[in-house]
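Here you get one chain, nothing else, as structure tokens; it is the form predicted alone.
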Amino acid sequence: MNYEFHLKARIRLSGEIEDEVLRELEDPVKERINKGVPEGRGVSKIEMRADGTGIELEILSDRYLRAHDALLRIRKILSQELGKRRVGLRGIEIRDYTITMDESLNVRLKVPFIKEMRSANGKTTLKLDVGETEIEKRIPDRILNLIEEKKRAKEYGSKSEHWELVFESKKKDFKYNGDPTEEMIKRHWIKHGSCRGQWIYGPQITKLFRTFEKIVIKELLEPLGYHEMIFPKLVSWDVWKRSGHAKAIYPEIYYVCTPKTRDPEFWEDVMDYYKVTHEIPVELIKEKIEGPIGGMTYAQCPPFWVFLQGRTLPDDVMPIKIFDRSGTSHRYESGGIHGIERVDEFHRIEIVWIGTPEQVIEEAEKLREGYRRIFEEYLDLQWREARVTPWFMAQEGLTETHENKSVGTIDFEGYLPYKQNWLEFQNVSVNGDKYPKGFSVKLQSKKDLWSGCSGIGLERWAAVFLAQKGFNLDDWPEKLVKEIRELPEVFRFL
């Protein structure tokens, strides 16, 4: 896409200069401004006019040297030249900044720092509300990147080629045709927790969860040399900024706030209100807590990367293979919660591996082979694999980083007979250099460093397995029953 940048600004000075002095400076500015830019490109117009203790500027340019970058170059040149005359630069005022793109956007975009947007005659004009600080932080560039990202997101949402079937198992005889969540409620295996999208899991389903974990560790993680770690479950904004999730995570996280103080006197009115009314004064509490410091873990692996942040690793420790199963993940599912397979609070084994691109791709294939073996031998499922491109990777520009599609995700989907539909219940993702770059992790040899992750959702494994096999252990695969032995009966209700 082609852009035209039109910027008007005023540079404040520590003293007055004459027009004659400014005319002497025009040639050095024009000679140096387009340095490194293709001939005939960059700045096409520069006008400078002395205005007492300031210089009025007007710049017209193209995308090869955007006007705000040209302004910073001019500031540097003038600082050097005027310094010889004992005149300093005091700051920049942006009078007007307009960017025109040769495309008519057919949607209205609400983007920070844009005070006006209009489309006509196949072009779109943006009027920016920015100052010197925003120019220095390259905010105009980020605005244009954001617009491009929103366009890609719209195109991505309308395409089907981000889902590609790569394997489908043999059809299986289903032993059950009901909704497993409803059956577990009737059997008192599970009960809704006090929060939305949350379940309390009884001894039977918990035993099934733990058996899944035991099988995964015995058949997959231990043979492949994985080591267990404990990842934080409270994630700060800095982690999400580095992982890329800060671009779009806001509608889906559970926020965490801290009290302004632990002083009981500060909280006395809250405590007294509850004692008198037996109601929680939520509005009063809001006044006594700080803004959110982050949220509960949404994707389990990002907070792990702080462990490696800013470090250089020797090549001989690669590949690194770790996993975490220490706590819950939380995701606000809006109106989409259903049964145990789509919840706000869920339990997962998160597998992470790190190495050279070749090592990461090879490990991903080993995990896929291991999952296939477990799904066939232990669970006897009807399932399929699909290659997908998660939107978080499209946001990071990773969709085209490897010509053979090695960067991306394989989803495993299990068939739900009662819905006559498929449920994604497992994945293997090769994330490329997304996390090593975001957290400044390097290899001693300077080779590329990649990572992968794979989340085993215990609720979804159970949802697929029980939907196909039901609740009679005689209908369950022999290898699984041998591992689980029996389901404990602890509670009876009158």
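On a predicted model such as this, the values are computed, not experimentally measured, just so you know. All residue numbers refer to positions in the sequence shown, first residue = 1.
What comes next is about the form predicted together with a further copy of the same chain, which is not displayed.
K.L.:
Would residue 194 count as touching a further copy of the same chain in the model of the complex under a 4.5 Å heavy atom rule?
P.N.:
Yes, residue 194 lies within 4.5 Å of a further copy of the same chain in the model of the complex.
K.L.:
With the partner left out of view, is residue 270 within 4.5 angstroms of a further copy of the same chain in the model of the complex by any non-hydrogen atom?
P.N.:
Result yes; residue 270 sits at the interface with a further copy of the same chain in the model of the complex.
K.L.:
Might residue 304 be said to contact a further copy of the same chain in the model of the complex, defining contact as any heavy atom within 4.5 Å?
P.N.:
Judged by the heavy-atom cut-off of 4.5 Å, residue 304 is in contact with a further copy of the same chain in the model of the complex.
K.L.:
Is residue 230 close to a further copy of the same chain in the model of the complex, meaning a heavy atom pair under 4.5 Å apart or at it?
P.N.:
Because a heavy atom of residue 230 falls inside 4.5 Å of a further copy of the same chain in the model of the complex, the answer is yes.
K.L.:
Using a 4.5 Å cut on heavy atoms, which of 80, 326, 421, 104 is close to a further copy of the same chain in the model of the complex?
P.N.:
Contact with a further copy of the same chain in the model of the complex is made by 326 alone.
K.L.:
If you check 87, 224, 322, 299 against a further copy of the same chain in the model of the complex, which one has a heavy atom within 4.5 Å?
P.N.:
Checked against the cut-off, the match is 322.
K.L.:
Which among 274 to 282, 355 to 363, 168 to 176, 380 to 388 is in contact with a further copy of the same chain in the model of the complex, heavy atoms within 4.5 angstroms?
P.N.:
Selected range: 274 to 282.
K.L.:
Where, within 198 to 216, is there a heavy atom within 4.5 Å of a further copy of the same chain in the model of the complex? Residue list please.
P.N.:
Those in contact are 198, 199, 200, 201, 202, 203, 206, 209, 210.
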